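Only one chain is given next, in structure tokens, and it is the form predicted on its own.
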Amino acid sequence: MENGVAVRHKGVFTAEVLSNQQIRECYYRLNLVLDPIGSRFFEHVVPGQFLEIDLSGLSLPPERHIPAELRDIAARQVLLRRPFSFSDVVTTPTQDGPCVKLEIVYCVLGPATLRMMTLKSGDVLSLIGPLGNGFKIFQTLKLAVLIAGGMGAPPLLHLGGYLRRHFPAVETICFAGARSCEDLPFTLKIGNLTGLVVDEFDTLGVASQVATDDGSAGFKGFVTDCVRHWLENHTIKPEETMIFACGPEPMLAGAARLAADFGLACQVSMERMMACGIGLCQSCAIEVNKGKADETEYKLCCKDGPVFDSRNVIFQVQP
């Protein structure tokens, strides 16, 4: 690792499925173990990086298990690999080298993820990775504010665990938001002192708060409004604080504005259609400031990102 960023080596590897568990109606947790060569490449992966999985050879689940809203598109052919971030990466030393296990939380949204429902223990997948640039952790960091929107939560769960393991002195709090309680890809519980929390973050020792647009759980309103309220009621040192955000682009734009209002640095994990994952297809362009007044240029989400400094991004939507 160099300056908090994984050295950029990648390759094509195989991974064996350890488990594929349903955690909510449309959410699943997939656990994989990499082959020995892949484990060496993924040993120093950092939160925010991702991989691409070949799902073209998987079969559809039985018709009775296909959600009604996906039945019209279920039979579409899956040609391209699909990108996934990690919710956890565990490296275990062995006599033959590192053994790396990956955890991926995914939502069944289309023909590719629909086929992932059929994965079972012992199945083997082809993947490319690790890809992209992850979150940067600076030595001056004392407070990490994580903002997760919907399926933006997994890489921030990885980041929360990473900070606890490698930067235990950093105070970390996660704000998890979604349209409703059912749209949160994690388990909620009542904490001893803090009210409603996300169990997966609580297990890591990371404080958390929940926000839902409809008020079905936690704070009623946008998660960025919940964070604003928290910041207004706490003493923050901007030079020691960083916002890390992942989720829908309107939420990321809101996180960027929030950071600007409080004078905080902010890193956002952007999402685009990443057909190849290695910068060849040019399909995942992000408009960014070039450094001169009124001049912009395009960077690739898969190669230059997916994590960017929020001050540099020209968001395509308003918060």
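All figures in this text were calculated on a predicted structure; none of them were measured in a lab. From 1 onward, residues are counted along the sequence shown.
As for the form predicted in complex with a small molecule, it is not shown, yet the points below apply to it.
Proximity to the small molecule in the predicted complex, taken as a non-hydrogen atom within 4.5 angstroms, holds for one residue of 112, 242, 226, 217, which is 112. The single contact residue among 210, 141, 151, 128, judged by any heavy atom lying within 4.5 Å of the small molecule in the predicted complex, is 151. Residue 85 belongs to the set of residues with a heavy atom inside 4.5 Å of the small molecule in the predicted complex. The small molecule is not shown here, but in the predicted complex it comes within 4.5 Å of a heavy atom of residue 273. With a 4.5 Å cutoff on heavy atoms, residue 107 counts as touching the small molecule in the predicted complex. Among residues of the shown chain, residue 234 is not one whose heavy atoms approach the small molecule to within 4.5 Å in the predicted complex.
Contact with the small molecule in the predicted complex holds for all three of 50, 76 and 306, each having a heavy atom within 4.5 Å. Of the candidate stretches 157-165, 117-125, 77-85, 94-102, only 77-85 has residues with heavy atoms within 4.5 Å of the small molecule in the predicted complex.
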